[in-house]
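We begin with a single chain expressed as structure tokens, specifically the form predicted on its own.
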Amino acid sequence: MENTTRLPSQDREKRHISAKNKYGWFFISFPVIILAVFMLYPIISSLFLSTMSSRGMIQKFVGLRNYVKLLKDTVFLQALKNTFIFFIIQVPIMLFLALIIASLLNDKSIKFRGLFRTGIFLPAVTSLVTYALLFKMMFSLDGLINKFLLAIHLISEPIPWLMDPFWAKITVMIAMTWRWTGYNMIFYLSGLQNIPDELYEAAEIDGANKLRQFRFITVPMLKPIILFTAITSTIGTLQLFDEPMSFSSGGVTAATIGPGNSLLTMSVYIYNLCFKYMPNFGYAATVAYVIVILVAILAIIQFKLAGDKR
């Protein structure tokens, strides 16, 4: 017959473990409460708010009517179109440049690598107001960019960078690429330094040139980091707010965001619905949840394209 007699030492150990568990729950309760108050509650509250229609402080329940209204809202559809243009064009260019620059600056034969890395990363920590003013001066009709292009006879007349809908988008894309390429480069550099040199040496012995090494070693080994930067860049672009507001001639008081609302994004539209037009916080919450849904869909697509089965 099995002996089930407990020893005093076992009882003391169980009591000790139980006391430790109580202390653990006590200490973890504080961050859980903070997360619930400042994250979980706003998420649930904003979801409920998206089913309301408000005019100032007066609110009424409308169910899913706000979501149906989006399909007929020409301003929202323009904001959605502008946001996707930035996402489809600017994000791939930025990530590709970041990967190329990281690969070049990972070469140990290059002198002053640290200086180059710092210089390329600095735009990410530059003040938004400072760099927006700088870009607006550079891309003005008589700015440095037009003077340079005219001097080398690449153009015959100044380009209206900030006064034409097409060129305004191009200017914002250039500014975003300048600012965030170095930020993504840092992630790729950290990943490159974890790839064993033996892989490149073996590939070189087998006759693989630099391009084939980049394609068959660098890119596959950096796939998790590429996926991470693609998702974070997607989130950042769908929430794009700073550059369109800063590059608009009148800023927050402008009648349109960019020439013909060409720089209007979904985040800027949310701001307008809350603080610029007659406040309609319920409809603004609906637009915000469209961003959430789009981020989720695009993240799933990117996971599938990357071959991640999780």
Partner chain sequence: MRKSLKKILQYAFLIAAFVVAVFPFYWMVVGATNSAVEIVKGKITFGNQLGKNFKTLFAEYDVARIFFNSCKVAILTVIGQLIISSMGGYGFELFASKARDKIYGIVMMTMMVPFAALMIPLFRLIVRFNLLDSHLGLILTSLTSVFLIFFFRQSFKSFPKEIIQAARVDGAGEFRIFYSIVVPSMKATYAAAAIYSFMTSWNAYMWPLIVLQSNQKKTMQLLISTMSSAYFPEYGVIMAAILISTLPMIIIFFGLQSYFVQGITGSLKQ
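Since the model is a prediction, treat every value here as computed from it, not as a measurement. Residue numbers count along the first chain shown, from 1. The term rigid core refers to the most C-alpha atoms you can superpose between the two forms while keeping them within 1.5 Å.
Note that the form predicted in complex with the partner chain isn't included here; everything after this is about it.
A heavy atom within 4.5 Å of the partner chain in the predicted complex is found for exactly one of 125, 151, 93, 88: 125. Put simply, residue 115 is close to the partner chain in the predicted complex: some heavy atom of it is within 4.5 Å. The partner chain in the predicted complex is not approached by residue 51, whose heavy atoms all lie more than 4.5 angstroms from it.
Taking non-hydrogen atoms only, residue 64 never approaches the partner chain to within 4.5 angstroms in the predicted complex. The partner chain is not drawn, but in the predicted complex it has no heavy atom within 4.5 Å of residue 264. If you take 27 to 51 and check each residue for a heavy atom within 4.5 Å of the partner chain in the predicted complex, you get 27, 28, 30, 31, 32, 34, 35, 37, 38, 39, 40, 41, 42, 43, 45, 46, in sequence order.
In this overlay on the rigid core, residue 31 has a C-alpha that sits 2 Å or more away from its partner position between this form and the one not shown. Fitting the two forms on the rigid core leaves the C-alpha of residue 70 displaced by under 2 angstroms between this form and the one not shown.
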